[in-house]
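Listed next as structure tokens is one chain, alone, in the form predicted on its own.
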Amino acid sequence: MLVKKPPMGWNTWNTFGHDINEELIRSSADVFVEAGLRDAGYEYVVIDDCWSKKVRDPQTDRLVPEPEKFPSGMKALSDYIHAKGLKFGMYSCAGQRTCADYPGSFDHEFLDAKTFAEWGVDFLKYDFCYKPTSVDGPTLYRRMGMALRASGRDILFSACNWGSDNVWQWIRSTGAHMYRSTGDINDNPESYRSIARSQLDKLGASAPECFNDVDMLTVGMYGKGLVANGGCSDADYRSQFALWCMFSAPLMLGCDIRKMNEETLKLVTNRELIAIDQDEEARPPMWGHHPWSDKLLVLVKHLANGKYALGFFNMDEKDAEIPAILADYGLPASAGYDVRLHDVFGKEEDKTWREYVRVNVPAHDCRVYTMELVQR
């Protein structure tokens, strides 16, 4: 299997958009190693849109890197990233043009897949702009899925059709390893919250080899960058990152990782949260709302080691006590078990509860625990 667990990495788009070049990519790859991101599990360094010339090579019909941005070429950049023990990702689009109006891969799928393989690409994000109306989305993703298989190189296929055409119903059959299920994220609380809410009843389609991608993280952006639209607090970033982990979603950082503050770095390298995301069973969470507010959310997730993850999320503007009635998640009072909670943020002592758990969660924030059953 190529993708047993949700992919982890970094993508240029959220912060940099069109303002990319090889020095940015090389220096960011350096940070993967120096800041401990690689050791925490992050491995894909992904260039998004705007990397190529505006037209294909007139002689070969191939995509050509913009020489002012990437004077050394993509193979040299790929070699640099691989030498760091990392993997190299790139971007194309199922339409005739990309979303930023560069050449897309429509009707060039096999040629482009071969080109990417020759450059040493390990990951392809495949967008959905400017496709002819005469061809449907499933057909276009089938084409690229087959083209990547024929390229001679293992390339992670990241389908990005924004949740169109009920994508979770058919995308696994195309060979894709992850699939965007929502519109683009923005760096503000309502954006990540609405994305999370929209996928609660669709996470059952996500599984090893084909993961539900709820978009790149805005953690650590603080209102700076291309998708900045108000920014978030540290509490919001904790909630966003924890939600993605509870969902077993790909963890693709979108901030400028060269400028992460201590709080951001500590969050995105939290080994206990990452272990929840990377759990080998990749089960979706059970979920429920507070009886009086749909802004107060509880998630319970089975883990492969016989334990569970338990998350409380306060999407309201005021602090709140959030209860979890354990019978709702499969543990009735008659079971003969209590639960012991361990705080993954390391702020609380381990504690045992019977029949229910109730915690105080500040506005915009979360509380996340690993949970084990304890026989009475």
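Quick caveat: nothing in here was measured; it's all calculated off a predicted structure. One rule holds for the numbers: they count along the sequence shown, beginning at 1.
The same protein also has a form predicted in complex with a small molecule, omitted here; what follows describes it.
Looking at heavy atoms inside 4.5 Å, which stretch does the small molecule contact in the model of the complex, given the options 275-283, 121-129, 168-176, 262-270? Residues of 121-129 come within 4.5 Å of the partner.
Go through Cys99, Leu111, Ala117, Ala207 and name the one with a heavy atom inside 4.5 Å of the small molecule in the model of the complex. None of the others qualify; the residue that does is Cys99.
Which residue, Tyr80, Phe106, Tyr222, Trp162, has a heavy atom that falls within 4.5 Å of the small molecule in the model of the complex? By the 4.5 Å criterion, the partner-contacting residue is Trp162.
For the spot marked by Trp13, Asp49 and Met216, is every residue within 4.5 Å of the small molecule in the model of the complex through some heavy atom? Looking in the model of the complex, the three residues Trp13, Asp49 and Met216 all sit within 4.5 Å of the small molecule (heavy atoms).
Asp234 versus the small molecule, in the model of the complex: is there a non-hydrogen atom within 4.5 Å? No - in the model of the complex, heavy atoms of Asp234 and the small molecule never come within 4.5 Å of each other.
I'd like to check something about Arg238: if you look in the model of the complex, is any of its heavy atoms closer than or equal to 4.5 Å to a heavy atom of the small molecule? Judged by the heavy-atom cut-off of 4.5 Å, Arg238 is well away from the small molecule in the model of the complex.
State yes or no: in the model of the complex, is some non-hydrogen atom of Tyr91 no more than 4.5 angstroms from a non-hydrogen atom of the small molecule? Flag for Tyr91 set to yes.
So, in the model of the complex, is Asp256 in contact with the small molecule at a 4.5 angstroms heavy atom limit? No, Asp256 sits far enough from the small molecule in the model of the complex that none of its heavy atoms falls within 4.5 Å.
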